[in-house]
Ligand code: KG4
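There is one chain below, alone, in structure tokens, taken in the form predicted alone.
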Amino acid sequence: MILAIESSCDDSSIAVMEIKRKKLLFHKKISQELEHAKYGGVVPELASRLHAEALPKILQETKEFFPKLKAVAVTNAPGLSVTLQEGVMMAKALSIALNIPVIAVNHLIGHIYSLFIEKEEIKPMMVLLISGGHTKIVNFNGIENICEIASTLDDSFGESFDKCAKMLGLNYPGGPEIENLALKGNNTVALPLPLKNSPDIKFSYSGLKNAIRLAIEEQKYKKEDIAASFQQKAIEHLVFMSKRAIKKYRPRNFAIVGGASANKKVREEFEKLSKQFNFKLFYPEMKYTSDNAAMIARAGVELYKKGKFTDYKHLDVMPRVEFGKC
């Protein structure tokens, strides 16, 4: 079995997975959303302290699996350095105490493997990763063969929802707040489509965010109409750039992963795109869209089979990490 730890942001999570059958034997997550909501976003130092409390409590529930553990997998990149450190220090302690190797897992690769929890991996596949910290399109052909097609120049898709929600006086996290409010509104606010005239495959949400700020300052639109218009244009930009990548690479399989992949409107628009370009569309189960240790365990299984271990003495956190370009 492999024990996996996830602490890249504001979710404390531990999972245990059987290596041979890829069966999830234990999975628990403690969210910090309520603690951070009063500040309108994640406070790194607070998140670190909350991980220090939550992770040992969850670990206590996994002791029965300790004799059968072959490795401990841990998210070490990318993420908030002070929160990544909490998981990495726990992984180092377990490595020493149980005399098992450590597997360092890229959090973004973990999101890709959220598609394959208790399943075999599907490849090749084009993957759109949308979350609070990242907006990327990658080509996936196995855990050691991932290259980046496109990424954001500034804000991520999920981050733009959080910032728009804050400007509208909504609660954190902003994604579900905007999505729910948009159901009551109409797409009546004229907003720009980012990078419409650029020939590149890239994402940008800072301009759209500024347009929302100006619309709010005009004080002539209803909140629900601003939310509906913002969501529509934000997703339109995702589809616009994804369509360019699809036309260029012609994937047979396409997936959407990350916390923002839970957005129902996103799924609806990409279902239309899948019919237009005749590709098979995949998403993780809803419970695995946000950060979780089950996806880290699943990626860890693949790395274990390839013997990709890291000496705990040399294991460190990497707040930023990039894939190679396609």
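Counting begins at 1, following the sequence as shown. Owing to the predicted nature of the structure, the values given are computational and were not obtained by experimental measurement.
Keep in mind that the form predicted in complex with the ligand is not shown, yet the notes after this line are about it.
**Q** What stretch, of 269-277, 65-73, 44-52, 253-261, brings heavy atoms to within 4.5 Å of the ligand in the predicted complex?
**A** Of the options given, it is 253-261.
**Q** Is there a heavy atom of Ser131 lying 4.5 Å or less from a heavy atom of the ligand in the predicted complex?
**A** Judged by the heavy-atom cut-off of 4.5 Å, Ser131 is in contact with the ligand in the predicted complex.
**Q** State yes or no: in the predicted complex, is some non-hydrogen atom of Pro194 no more than 4.5 angstroms from a non-hydrogen atom of the ligand?
**A** Outside the cut-off, so no.
**Q** Is Pro176 near the ligand? Define near as a heavy atom within 4.5 Å, in the predicted complex.
**A** Yes, Pro176 lies within 4.5 Å of the ligand in the predicted complex.
**Q** Looking in the predicted complex, any heavy atom of Thr289 within 4.5 Å of the ligand?
**A** Judged by the heavy-atom cut-off of 4.5 Å, Thr289 is in contact with the ligand in the predicted complex.
**Q** The ligand isn't shown here, but in the predicted complex which of Glu121, Asp225, Asp162, Asp155 has a heavy atom within 4.5 Å of it?
**A** Contact check passes for Asp162.
**Q** Given a 4.5 Å distance limit between heavy atoms, list every residue of 99-114 close to the ligand in the predicted complex, or none if there are none.
**A** Stretch hits, in order: His107, His111.
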